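So this first bit is one chain, no partners, the form predicted alone, shown in structure tokens.
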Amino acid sequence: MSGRVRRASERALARIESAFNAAFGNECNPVYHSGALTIYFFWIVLVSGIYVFIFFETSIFGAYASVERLTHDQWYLGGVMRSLHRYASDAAVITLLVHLGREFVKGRYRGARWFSWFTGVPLLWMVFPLGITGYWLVWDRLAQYIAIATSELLDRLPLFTEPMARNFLLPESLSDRFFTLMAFLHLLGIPIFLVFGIWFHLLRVSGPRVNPPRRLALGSLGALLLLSLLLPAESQGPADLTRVPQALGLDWFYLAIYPLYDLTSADFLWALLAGGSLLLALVPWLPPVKREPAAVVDLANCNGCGRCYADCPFGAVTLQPRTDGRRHPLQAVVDPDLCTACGICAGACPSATPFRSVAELVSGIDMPRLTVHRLREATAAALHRASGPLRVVVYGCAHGADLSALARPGVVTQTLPCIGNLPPSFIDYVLRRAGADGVLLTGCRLGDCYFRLGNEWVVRRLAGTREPHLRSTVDRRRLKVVWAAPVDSGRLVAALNEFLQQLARLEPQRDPVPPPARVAGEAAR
């Protein structure tokens, strides 16, 4: 995807998300939790499916009749459970496609994140057969159409010695074993592989969120139950192999390939599915992306505290036995193949404090492109050059709103790979030592961090519930946090103007400590 098309797609997606934020709030925005909702809907499918199967008869004449009895004679529970099974399955497909499309538009599938994308492709090949076999079990006219079309498609592959389509030529060609096989595939075979596939898909994600917020989960379940009551799922008449089904109502979420097969051919459809799957799997490398340097551990400053390990969103940091003979038993180790260069680990390191009186500030874990030493010097130098009655430092995320719109006298901006890269002590430092009147933090919208957890960790660090935390002695009136996506630049500008007005009403800061000679010299040049 070209840069211009990607930016336009991101802006369009951000506006859609804004509408959902207005309706549900950031915490319960279903778009933000599309992946967790998909898993949640499959749990609903599993529970409702088990209930339906209790009353299901795996035979030619019993399959349709048992489903009809459940639907109509036990409409108050069995019928609702059948409808809930159907609509939760459709909802899972919707959230699955939203999750896939959203990750693609936001570019969260390349570099170290290729694994989750690549392992997600086989899940598509599990989800759709799972739904299709469920329609077979009802054995109505729609199931008859699906069974014949699917057998013709499978016959184009060198899988069976005898054509599968022969099983559906005459009523006597079909046996009860067919329904036993479909029940096994639908209830055990495919779901087992699906659960294993989801586990593998999340293998490189640290602390994956597999459950949506409680309010969103209950609201989604309530909406599905209401839909099940108002529009119950019904069969489309018993299957009859002596007749060709005519008008049918399709579930376009699962069965869209069948009308395409009717219009084209089996060879075309298999080529489309195979080619599309291959292209989808290779997307992370089309074209190859230049990866940012991974985080680097300095053992002389690493005490093995484990904060970087706890905060890394992708499991790139592990704790291993010490190798340098120092008294601390553990040390941090970075796997470059898993590191996304977000810098959240550097923001969590207790040695990454700018108050340390050393010529070269070196932390236990740091980013090669923007070390905490360079960040401290760049901030101090920029503040030394700043003019105007008020001086404000703005730290922002590279994936949030563009900071260039904030340019004005007295405002210093510093872009970080993720706002979680900023150690909280920097806020204290620029207010007490570097002469800033205020600090504004900004990054991706809350709940939608490009690196999953950056802004959440910042919120907790500022609140003092996660280490390293911002000291309580910091004047919170001089700190403002604004979560803003690229389309929220106007709101960020308005927030900065409001912040400047608020700072103007406060008492002036005491005179700052003069900047180091090397920083002042650089600023003079």
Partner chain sequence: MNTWLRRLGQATAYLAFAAAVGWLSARPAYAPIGPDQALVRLSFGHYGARLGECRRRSAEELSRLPPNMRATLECPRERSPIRVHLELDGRRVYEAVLDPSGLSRDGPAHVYEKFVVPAGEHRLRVFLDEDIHRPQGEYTAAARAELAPGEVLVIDFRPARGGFVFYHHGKAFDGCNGTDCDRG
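What you see is a predicted model, and the numbers here were worked out from it, not measured in a lab. Numbering follows the first chain given and starts at 1.
Keep in mind the form predicted in complex with its partner chain is missing from the figure; the text below concerns it.
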Out of 110-118, 350-358, 89-97, 319-327, where are the residues with a heavy atom within 4.5 Å of its partner chain in the predicted bound form? 89-97
With heavy atoms only and a cut-off of 4.5 Å, decide whether A381 touches its partner chain in the predicted bound form. no
Consider F41 of the chain shown here, and say whether it contacts its partner chain in the predicted bound form, taking contact as heavy atoms within 4.5 Å. yes
Is Y76 part of the interface with its partner chain in the predicted bound form - any heavy atom within 4.5 Å? no
Taking its partner chain as it sits in the predicted bound form, is P368 in contact with it (heavy atom to heavy atom, 4.5 Å or less)? no
Joint contact, Y135, G219 and Y261 to its partner chain in the predicted bound form, by non-hydrogen atom at 4.5 Å: yes
Partner-free chain; cross-checking its partner chain in the predicted bound form, the single residue of R215, H72, R408, R156 with a heavy atom within 4.5 Å is R215
In this chain shown alone, the residue from D176, E152, E377, D402 with a heavy atom within 4.5 Å of its partner chain in the predicted bound form is E152
